[in-house]
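Starting off, we have a lone chain in the form predicted on its own, written out as structure tokens.
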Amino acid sequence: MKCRKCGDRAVLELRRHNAAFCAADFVDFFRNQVREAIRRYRMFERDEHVLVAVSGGKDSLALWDVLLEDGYRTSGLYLDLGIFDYSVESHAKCEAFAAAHGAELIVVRVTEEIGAPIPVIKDVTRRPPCSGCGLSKRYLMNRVALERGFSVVATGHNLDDEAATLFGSVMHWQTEALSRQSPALASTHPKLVRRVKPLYRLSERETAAYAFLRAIDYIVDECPFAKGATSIAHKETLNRMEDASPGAKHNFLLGFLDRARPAFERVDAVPLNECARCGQVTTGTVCAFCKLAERVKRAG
């Protein structure tokens, strides 16, 4: 098997592209896919300071690596969720990466912001842990970006993540979710920063290969609360489709973005208010994060 670009021995075959690459050319291919994503959706400009949400996993650290190598001005944001040894190890991976690259890492602890770590929040709400976790991460990413002057937050969501989210939304015809499914969400309020996903064109396998070839030390274990999540079941279904028909996930997601998404865009904008307690954006009077914090406080 030879590299499509240089003809040397390939180290990785990409069936969905009907191609194989040597190590150096795959790294170039990966970075070019990120560049194309940034260009196509005008995610951010060269002079912007980008806040990269990092979890210690392969995707977010690979994204941060690409942006640093391309000369973007970035800072990392690590949200310590307080999930036992998993958070301890993932935090350490982020600290080590930032130190090795001379980059700034901002650390925010959920326990300090809401009054309890994610495992306790799970018990208080009696809902799946991903519910309180996702809410907390979205709120804190936006608030930290606002407070520190960032206009955009970049996350490490890859092709597999986005295709699985789309699959779940279509399964239940969640039209509001379909209208928000995009690699780049614009700011719709002065207190909402833009959110972008520069890895949306790259699969989980491709991101893992990039991290390996770049010797990025990342946490391999999944979050202990991920077991049984519907997103994993959706990924497994899509993986079977991909095995039978390489490019299925790519065609599903990009086909939706290019051809179907405009049909789900909302004609009437959702009214946005500022939370009466914290001042952040909400559709009601008090935001969901403040309500959750109040529940945690009462339970304590």
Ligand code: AMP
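For every residue, the number given is its place in the sequence shown, counted from 1. Keep in mind it's a predicted model, so treat the numbers as computed, not measured.
The protein also exists as the form predicted in complex with the ligand; that form is not presented, and the subsequent description refers to it.
By the 4.5 Å heavy atom rule, the three marked residues 37, 62 and 66 all fail to count as contacting the ligand in the predicted bound form. Proximity to the ligand in the predicted bound form, defined as a heavy atom within 4.5 Å, singles out one entry of 114, 77, 121, 164, which is 77. A heavy atom within 4.5 Å of the ligand in the predicted bound form is found for exactly one of 195, 93, 143, 137: 137. Residues with any non-hydrogen atom within 4.5 angstroms of the ligand in the predicted bound form fall in just one of 50-58, 244-252, 22-30, 258-266: 50-58.
In the predicted bound form, the ligand lies farther than 4.5 Å from every heavy atom of residue 181. The ligand in the predicted bound form comes within 4.5 Å of no heavy atom belonging to residue 201.
Residue contact with the ligand in the predicted bound form: residue 159 places no heavy atom within 4.5 Å of it. At least one heavy atom of residue 155 is located within 4.5 Å of the ligand in the predicted bound form. Contacts between stretch 101-126 and the ligand, counted in the predicted bound form as any heavy atom lying within 4.5 Å, involve no residue at all.
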